[in-house]
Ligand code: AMP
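Only one chain is included here, represented as structure tokens and corresponding to the form predicted alone.
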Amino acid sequence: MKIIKNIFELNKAIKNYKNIGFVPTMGGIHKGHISLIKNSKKMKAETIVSIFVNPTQFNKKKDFNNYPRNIKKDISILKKLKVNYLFLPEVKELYKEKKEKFVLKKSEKILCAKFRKGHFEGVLDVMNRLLSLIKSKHVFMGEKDFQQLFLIKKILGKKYKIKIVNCPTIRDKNKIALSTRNKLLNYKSIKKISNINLKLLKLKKDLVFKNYKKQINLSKIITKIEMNYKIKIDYLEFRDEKNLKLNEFKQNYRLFIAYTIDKVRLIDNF
């Protein structure tokens, strides 16, 4: 695996490849990231992984500073997976050129965009920069950050005419979606999250198999979960997979949730 830290060396290394698979990450490589890399390798693509903790998508400097980092461990894992290239730029390298700014439409300021001002603008900014450099045939992204996936596919997928591949969320034995942020949680919080997820998975299952759609009252469910687990829920909503509009159960839908526990903000969808 070759480690590349600047744009000049990146251009030189990949200019002749026609089948590139790109896996963008912020590090803390876990089984979720590994599944993305394996999907790229299945397509016999030259696989590039980027590790870049992007400052422009964090709402609080403290959150950015506390984001878990372990680059030595990440490199060791990626080498074992026989990744072709690791792109590891510094902030000043990736942001040295001016690029277009992205502004979300009013209809797009939902879910996390409603509660994290400027977050997705920062995500789109950094992904625009990465995709302009790594002219990949496929980009592999997980469904855990579904709104992020949706916006990148809608805005940047069209711009660069690339295939953004949805990869299923990978969960641990406690039904918790794998995330680098999980490293900030203690055992007590992990137990609570597991119980919350089991309840929400059951709710989704009951909607499908027992037709509870007319009886559902999300406000009551939010109140009950907040009281039982002493957490603050930002949102708990059913939305269409295709357009993220509030769902009337007429087509494929997901249950989206975001909440703060042990001072760590988590998102998930089922």
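Just so we're clear, the structure is a prediction, and the values are computed from it rather than from any experiment. Residue positions are given as counts along the sequence shown, with the first one as 1.
Missing here is the form predicted together with ligand AMP; even so, the following discussion is about that form.
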**Report entry** 4.5 Å heavy atom contact, residue 84 to ligand AMP in the predicted bound form
**Finding:** no
Query raised in the report: At the 4.5 Å heavy atom threshold, is residue 118 in contact with ligand AMP in the predicted bound form?
Result: no
Query raised in the report: For residue 144, is any heavy atom within 4.5 Å of ligand AMP in the predicted bound form, or not?
Result: yes
Query raised in the report: Wondering, does residue 221 line up within 4.5 Å of ligand AMP in the predicted bound form on heavy atoms?
Result: no
**Report entry** Segment that reaches ligand AMP in the predicted bound form - one of 71-79, 173-181, 100-108, 84-92, heavy atoms within 4.5 Å
**Finding:** 173-181
Query raised in the report: Looking at 235, 238, 229, 67, which has any heavy atom no more than 4.5 Å from ligand AMP in the predicted bound form?
Result: 67
